[in-house]
Ligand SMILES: Cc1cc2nc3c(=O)[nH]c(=O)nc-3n(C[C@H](O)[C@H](O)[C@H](O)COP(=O)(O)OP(=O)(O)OC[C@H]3O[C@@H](n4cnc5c(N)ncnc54)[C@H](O)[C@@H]3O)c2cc1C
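Only one chain is given next, in structure tokens, and it is the form predicted on its own.
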Amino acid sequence: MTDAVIAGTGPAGLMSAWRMADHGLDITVLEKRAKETDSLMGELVTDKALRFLRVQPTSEYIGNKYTSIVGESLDTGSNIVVDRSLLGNSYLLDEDKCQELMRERAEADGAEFRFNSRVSSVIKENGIVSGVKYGGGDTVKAPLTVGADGSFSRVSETAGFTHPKWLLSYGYRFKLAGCKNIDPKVAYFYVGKDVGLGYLWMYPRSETEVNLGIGRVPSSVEEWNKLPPMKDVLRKYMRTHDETKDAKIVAVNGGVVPCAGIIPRFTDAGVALCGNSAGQVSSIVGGGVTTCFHAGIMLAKHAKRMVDEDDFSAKSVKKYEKEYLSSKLAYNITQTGKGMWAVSKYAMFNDPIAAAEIVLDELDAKTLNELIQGTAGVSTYMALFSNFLPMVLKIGMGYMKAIAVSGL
């Protein structure tokens, strides 16, 4: 018997484990892979993520710092530059070192990690979740079960949670060495016909090393099948850019990220979801590291309260859900989730790449940054309709049709 069992060692699971152990709780963590660094964790973050991690910008856990981010079309070269005045500080995490750091901190406070331990289902007693089954039939009993096991969460599915609007982004990432003439202070996001509904990214680690990745959302099976495989798109980018054509692929990783926002309910008696399994990801740019850290910290605080009160009822566990949903990060996730759902429907009736070209040609960096981060206010939307009316008219009919289909 343990205070809590956590399924998954992504950013949400590791943060939950570290902070719960730091609160003095007895924790068991189960991971289907051989080690925590086998899973893909996001990399591009701001100061907020560093504060959650309790690391300094100059520490070994930060791989790079950027002064600007460029959004560009692979097809036409149209671009927008978002500089530090809008971004604030932007960092590239060394995700392997960060994952190891959280595991080591959790273990230092007594948490137990069991790898090669795939969770198959939750255990229910009298309708209340009381632990998990994993591996070939082993069990861990606990009054609190945490599902931090990703977009295809076994905890979520077997505990009875539903995803009425579940939209997923599939991604691959190459780590490249031997690049040439890389500006290490500029990160890139690309759109293009080969990319599809999503984006390709290039995050420099140094003047000779970059992380090159792609994330794609299927608007329909038909559209997905028309596109080249994502690994082929990455290899084409390498061949057609002087900086990467002679580079070597030193590592390959992949993952799946939810894009439709937070699911309607992610707690019940004895169980709570955290991270991707709960849809706690800012969908427009697939940003889940900071939001998962935030959720893990909040869940750990409530787990401590539940243990102290010896109350793991649905009402008690739901206090975590209520506090999370009232946070600014949750609001931003909800807003960008609605936008991504409408965009996916837009792509069923229109060419999303043509719309992206219009945005890159006619939208200013400040407005784009506000829309991506989910912080746009009334004044921003008024400016869109007054200053960018031609753009709105070009995109507007298809977007309104998408809104009607989405039911937003």
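For every residue, the number given is its place in the sequence shown, counted from 1. What you see is a predicted model; the values in this text were computed from it and never measured.
A second form of this protein, the form predicted together with the ligand, is not displayed here; the remarks below concern that form.
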**OP:** State yes or no: in the predicted complex, is some non-hydrogen atom of Val256 no more than 4.5 angstroms from a non-hydrogen atom of the ligand?
**Re:** yes
**OP:** Spell out, yes or no, whether the shortest heavy atom distance between Lys32 and the ligand in the predicted complex is within 4.5 Å.
**Re:** yes
Original post:
So, in the predicted complex, is Tyr203 in contact with the ligand at a 4.5 angstroms heavy atom limit?
Top reply: yes
Subject >> Touches the ligand in the predicted complex: Arg216 (any heavy atom, 4.5 Å) >> reply: no
**OP:** Given that the partner is absent here, state which listed stretch (177-185, 115-123, 216-224, 309-317) has heavy atoms within 4.5 Å of the ligand in the predicted complex.
**Re:** 115-123
Original post:
Does every residue of Glu72, Tyr190 and Gly339 put a non-hydrogen atom within 4.5 angstroms of the ligand in the predicted complex?
Top reply: no
Subject >> Sequence-ordered residues of 140-159 touching the ligand in the predicted complex, heavy atom within 4.5 Å >> reply: Ala148, Asp149, Gly150, Arg154
